[in-house]
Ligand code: BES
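This document opens with one chain alone, in structure tokens, the form predicted alone.
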């Protein structure tokens, strides 16, 4: 898809469709009299109310060179923000693409033509264009694609061109994450994910290191290896490094850690069969850190960033880890495995410690860790847990700017009592109550006191049903927040 910035007036834009944003209390002033009259009539007759994400499509609009005019509701002007802009862009693409429209244009003026809005528009059209149909062979499923999108503004500038580039880069990185997360487990094993990481590193100039099973055994990563032992697929710990050229002496070093369980049966503590096919998404955290690194390699933040993706398959076999087993982590702490389906925290524990010992000063992990987070926050917000308020606030600020909704939960020391074990240093589950919190508390010791934020994305990593602006399947959360966090460091 080609994204173009232009200054062509609305009436002169030649495209399959011209998209304009209409607020409840006003009509776009840049439209000609005929188009404004048509919008006014649609309002008066109740066909278009300009409520958020409402639409009205006109064919052959009088006085416009565009073949169609798509009006999209922006709701109240005072409440409009970049998140709404991103959704409108995705909605426009997903509305017009099925009609065979290959080129469309947006006209924005005033504060809607600001850098942040143009960046959100670019992200939105890229995200809206994604379809989870890679493995469908019917050519009709693939032939309707948007090829050109123009963003018409009153005046071009280098800043707007750069905003367009940032939006495109971040949107493409998020779609890359969605593509990875949507791959079935027979096609994306831990070693296939390793191949993907190596290809990514070579293409975008990142350093790549892979810790194989032998190296992890030598280091003593018993928590990670215990999860992997039930599978015929070997585990791996992917490490991708971005080193800035402009600020080589930056004292901070950000680690992004993502859970990479390419398929999760639950192990001996096996999951119910209903819905188990979605456990291909259990590597969404790993996909997100790879996607973020793809963007950061191009956008070049001033802070060093390293991604760590522990990748395993959690399977049932004669070699599988059993409830009651005790493993020794890379940190040296012993863990009683009460439930083999609480495996994500085990692989993250060793990856977090490795990141710290490799020099990370600040750590953020993303993991589809607990069903409990969806009970607490539904499928609307990411759960945020932290040992450091300053870093937590940075992450929350980045997520708000990125339009990825998050919510902080408590981390009181009292929750540690739920993880006590009579036979090891700690148990890998804390019982029924506060499951998302006790999972985070389990991880906390393994960062050895470094500032750390844990993002539980189990409720938000995929959509069971598509939205008007986003396809069904992987969401790509929290790629945009990771990128924003690093870029604004």
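Positions refer to the first chain, counted from 1. From a predicted model like this one, the values you see are computed outputs, not experimental measurements.
Form predicted together with the ligand: not shown, discussed below.
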{"property": "Stretch in contact in the predicted complex with the ligand, which is absent here, among 275-283, 207-215, 161-169, 358-366 (heavy atoms within 4.5 Å)", "result": "275-283"}
{"property": "Heavy atom of residue 343 within 4.5 Å of the ligand in the predicted complex", "result": "yes"}
{"property": "Contact test in the predicted complex: residue 370 vs the ligand, heavy atoms, 4.5 Å", "result": "yes"}
{"property": "Heavy atom of residue 458 within 4.5 Å of the ligand in the predicted complex", "result": "yes"}
{"property": "Heavy atom of residue 264 within 4.5 Å of the ligand in the predicted complex", "result": "yes"}
{"property": "Every residue of 4, 86 and 148 near the ligand in the predicted complex, heavy atom within 4.5 Å", "result": "no"}
{"property": "Contact residue in the predicted complex, chosen from 328, 339, 298, 133 - any heavy atom within 4.5 Å of the ligand", "result": "339"}
{"property": "Listed residue that, although the ligand is not shown, lies within 4.5 Å of it in the predicted complex (heavy atoms), from 31, 38, 424, 429", "result": "429"}
